[in-house]
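Shown here is one chain on its own, the form predicted alone, set out as structure tokens.
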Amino acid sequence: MKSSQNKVTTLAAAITSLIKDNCHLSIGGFTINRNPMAAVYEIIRQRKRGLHLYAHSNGQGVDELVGAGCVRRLEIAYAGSGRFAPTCVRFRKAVERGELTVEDYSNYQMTLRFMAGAMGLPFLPTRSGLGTDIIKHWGFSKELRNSDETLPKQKLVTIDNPFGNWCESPKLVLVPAINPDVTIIHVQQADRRGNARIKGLTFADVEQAKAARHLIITCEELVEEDFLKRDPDHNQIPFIHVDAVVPIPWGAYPTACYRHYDYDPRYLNNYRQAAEDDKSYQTYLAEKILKPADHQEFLALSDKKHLKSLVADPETGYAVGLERS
């Protein structure tokens, strides 16, 4: 159990102390929603390498970590940024070039894998995947699995239902648990001890957070503990899982953070165009990510009026009238 002390720290310190080369890392968010982008950019600035990355269905965060050369292996259900990049660009290029080893699961299977990790179980049973090639095709070979103790010995296992056919499922698929060394999620509110509140859809973030050996939370607002106690049923992450709390407004930008700001169509379009060309992408990395010292300097590269247009409407939680094309 993690302590109840004040865990507030800087992003640079959290990444330096907890993210090591070759570690198993999980990032939260979904496609272009609530990706922990400030943390992603700090990982890139610190030039972390050899990461074994897990994500549920992530877009911008995965693509930028892969594009920057931080990732050697990836386990994921879907890597895409919606209509901006139905398949993440640098992710696709890395796979085509043989620079990235990928193992794919269904969305439901990835959720169950994180849930198994959170429950302290080695696996969970499901019917998801029966009748599909997702069971047959492995991204990680048996040789790799046998030589790496951090990997389960098999991707998936199909068994006979030990309770018979009374539940109309003669076969079951066992999905292996995920227990990342570190998970990073971005939330709307957290207190100094690490109690955290996610507004809107939680995706698989709660399961990812509880499955991890260490947890970094970045948040839009640092609030007092008494504030979160007013509506305790709205808090998903208790302090016992948390190692570091990093208050960082716009910490999910350029992805969206519900009730704070929308995703940035201009940035995501420009990113896709740069990512398609290797030379342009290296320029993007050098000027947009590596040159700024921190997330504040990164945000300063964007026009203030444009950022203001992304601010969420208090009633809907999204930017009203945003040009999304």
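Keep in mind that what you see is a predicted model, and the values were worked out from it rather than measured. Start at 1 with the first residue shown and count on from there.
There is also a form predicted in complex with a further copy of the same chain; it is not shown, and the following applies to it.
*Asks:* Though a further copy of the same chain is not shown, can you say which of I198, I248, V245, V71 has a heavy atom within 4.5 Å of it in the predicted complex?
*Replies:* Flagged contact: I198.
*Asks:* Looking in the predicted complex, is a further copy of the same chain within 4.5 Å of a heavy atom from each of R127, T150 and N161?
*Replies:* Checking in the predicted complex: R127, T150 and N161 are all within 4.5 Å of a further copy of the same chain.
*Asks:* Can you check whether S169 is within 4.5 Å of a further copy of the same chain in the predicted complex, heavy atom basis?
*Replies:* Yes - in the predicted complex, heavy atoms of S169 and a further copy of the same chain come within 4.5 Å of each other.
*Asks:* Consider L144 of the chain shown here, and say whether it contacts a further copy of the same chain in the predicted complex, taking contact as heavy atoms within 4.5 Å.
*Replies:* L144 lies outside the contact set for a further copy of the same chain.
*Asks:* With the partner left out here, check for me: in the predicted complex, does some heavy atom of L174 sit within 4.5 Å of a further copy of the same chain?
*Replies:* Yes.
*Asks:* Using a 4.5 Å heavy atom cut-off, state whether L222 contacts a further copy of the same chain in the predicted complex.
*Replies:* L222: no, not in contact with a further copy of the same chain in the predicted complex.
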